[in-house]
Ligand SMILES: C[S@@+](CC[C@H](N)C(=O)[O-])C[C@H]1O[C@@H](n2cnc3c(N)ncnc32)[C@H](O)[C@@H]1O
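What follows is a single chain, given as structure tokens, in the form predicted on its own.
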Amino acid sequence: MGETVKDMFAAIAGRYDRLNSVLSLGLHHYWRRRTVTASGLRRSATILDLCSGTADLALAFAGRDGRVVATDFCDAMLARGRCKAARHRAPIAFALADAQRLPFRDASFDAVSVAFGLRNVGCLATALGEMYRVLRPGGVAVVLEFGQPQGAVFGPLYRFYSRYLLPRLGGWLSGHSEAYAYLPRTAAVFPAGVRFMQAMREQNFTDIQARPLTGGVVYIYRAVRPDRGD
């Protein structure tokens, strides 16, 4: 499954940013800005951005005078991120890495972030465990991921959009219909809200918070590696 997903992202890398803006109605930039704010990080923090793709969240963090390392397992996506970072003169280091096997020492970072990536990993528990491992005691994990909106009106409308319209529009614009059938399918089954909070709790994170945005279309999660010997 991992190689299949990697090939899929490589195939859509060139149009990924444009499609994000079209399919989210431009909201994805707002969601990332809110994620940076919700992190509560000091400006000098060292940040590891997992599943960074074309580096939008890494770029949002890069304006804070700290050190940002962006990683992804798909080099074609990272190549787009490198170009964007160079264009913006953003001081981001890039590394090819799988979120489930991070090539970093224990307790290396003040914060670990990830946007719209954990639903694509093979084992969520393993990726969360790796996030915990590379965080310093007292460090922050911040996750931006899709939810499943509820409500008598908005919930059904959103499910209709994500199940029927988004795959067709994404497939048409990208020329890769399989990718834009896969992506909303993974979003629909991701353990959002209290279920994801429980998954973080099982990896020993504490002070876990979940903040829904845009009616629950996405959630921002913030959690802490406790500042104690463990």
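As the structure is a computational prediction, the values presented were derived from the model and not from experiment. Each residue number is its position in the shown sequence, starting from 1.
Below, we refer to the form predicted together with this ligand, which is not included among the displayed structures.
Checked against this ligand in the predicted complex, the residues I92, L135, A99, V142 give one hit for a heavy atom within 4.5 Å, which is A99. Among A60, I47, C51, M200, the residue placing a heavy atom within 4.5 Å of this ligand in the predicted complex is C51.
Contact check for F116: a non-hydrogen atom falls within 4.5 Å of this ligand in the predicted complex. Taking the partner from the other structure, this ligand in the predicted complex has a heavy atom within 4.5 Å of a heavy atom of M77.
Although the partner is absent here, L128 lies well away from this ligand in the predicted complex, with no heavy atom inside 4.5 Å. Although the partner is absent here, V5 lies within 4.5 Å of this ligand in the predicted complex, judged by heavy atoms. Shown without its partner, the chain has R119, N120, V121 in segment 118 to 146 as residues with a non-hydrogen atom within 4.5 angstroms of this ligand in the predicted complex.
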